[in-house]
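Below, in structure tokens: the form predicted alone, a single chain.
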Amino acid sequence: MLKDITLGQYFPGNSVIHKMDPRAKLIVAILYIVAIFCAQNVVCFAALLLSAFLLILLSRISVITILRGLKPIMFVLLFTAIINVFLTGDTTEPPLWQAEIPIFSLVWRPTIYRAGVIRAIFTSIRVMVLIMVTSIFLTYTTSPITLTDAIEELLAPLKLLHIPVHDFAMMMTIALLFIPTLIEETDKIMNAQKARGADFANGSLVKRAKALVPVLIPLFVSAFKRAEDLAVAMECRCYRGGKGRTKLHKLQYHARDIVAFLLMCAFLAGIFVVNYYNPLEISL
């Protein structure tokens, strides 16, 4: 399971998305997130799935890799779907399924409506597309260094309010860099504990939670040690924040960035139009 977590990983490549300016990627990703949460009917969600598939092809990242990154959130998706199925519905319509389950002196009547099933499907698609597309734009195709520069430049106006933009961007980048490292460290610690007879898969939930304690303690110790080593290394290299800092590569917009921005604006406008007309009359 730990090897399936691809959050924060960067896959070098030479695709169109890899070559985009990181600032343009951030802006396009934000517009796409707006489009995801504005989608309200079947046509919109079909467009989201199709666009996500096209972005995967453009990024030249394996579909298996993208789908593998969704495995750690499957429990969240399943839980969200179940909540929507049983707690959402249109009582004016006949239920698809209904039962009576006695619980002590009470009777629970779980009911599934067509509206609840539709909302569960739409919500699951929305979360999956959100994770896939934002990962493609922000981490899979963008190195942490360029991502830091993009965040710092986009938030540059906040410097007028004396907000430490550079420090904020640096903290976000270091956090992303530490995710794969901590995952690898956790895997090593768990393998070492298994070699000493630890059992993480069997037993009750409480027993498995207790078995994780010998993993968490050395993991926290290792994380603090790595943080201290990183701080010392940055001080040895005379790091003093963003003041007077120069960059080897200057960020520059190109024609592909403008085209991507215009296409995303058109896509978002199309989502609004389709939501208004709702051609198939199936919505949330």
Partner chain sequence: MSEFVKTEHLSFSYEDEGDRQNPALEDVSIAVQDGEYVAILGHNGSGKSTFAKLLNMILSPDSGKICIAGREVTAPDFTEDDMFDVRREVGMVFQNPDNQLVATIVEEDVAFGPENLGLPRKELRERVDRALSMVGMIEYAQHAPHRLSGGQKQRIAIAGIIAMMPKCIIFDEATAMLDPLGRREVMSTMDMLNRDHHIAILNITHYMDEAAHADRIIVVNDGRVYMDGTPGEVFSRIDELHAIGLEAPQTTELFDFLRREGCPLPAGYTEDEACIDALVRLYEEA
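Since this is a predicted model, take the numbers as computed values, not measurements. We call the rigid core the largest set of C-alpha positions that still match within 1.5 Å between the two forms. Positions refer to the first chain, counted from 1.
Not on display, but discussed next: the form predicted together with its partner chain.
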{"query": "Cys38, Leu58, Leu31, Leu230 - the one with a heavy atom within 4.5 Å of its partner chain in the predicted complex", "finding": "Leu230"}
{"query": "The unique member of Ile83, Ala198, Ile145, Leu96 whose heavy atoms fall within 4.5 Å of its partner chain in the predicted complex", "finding": "Ile145"}
{"query": "In the predicted complex, segment of 156-164, 170-178, 68-76, 96-104 with a heavy atom within 4.5 Å of its partner chain", "finding": "170-178"}
{"query": "Distance check, Ile217 to its partner chain in the predicted complex, heavy atom within 4.5 Å", "finding": "no"}
{"query": "Heavy atom of Arg237 within 4.5 Å of its partner chain in the predicted complex", "finding": "yes"}
{"query": "His254: touches its partner chain in the predicted complex, heavy atom cutoff 4.5 angstroms", "finding": "no"}
{"query": "Met171 C-alpha relocation of at least 2 Å between the shown form and the other one, rigid core basis", "finding": "yes"}
{"query": "Threshold 2 Å Cα movement between the shown form and the other one for Leu182, core superposed", "finding": "yes"}
{"query": "Yes/no, Ile33 Cα shift of 2 Å or more between the shown form and the other one with rigid core fixed", "finding": "no"}
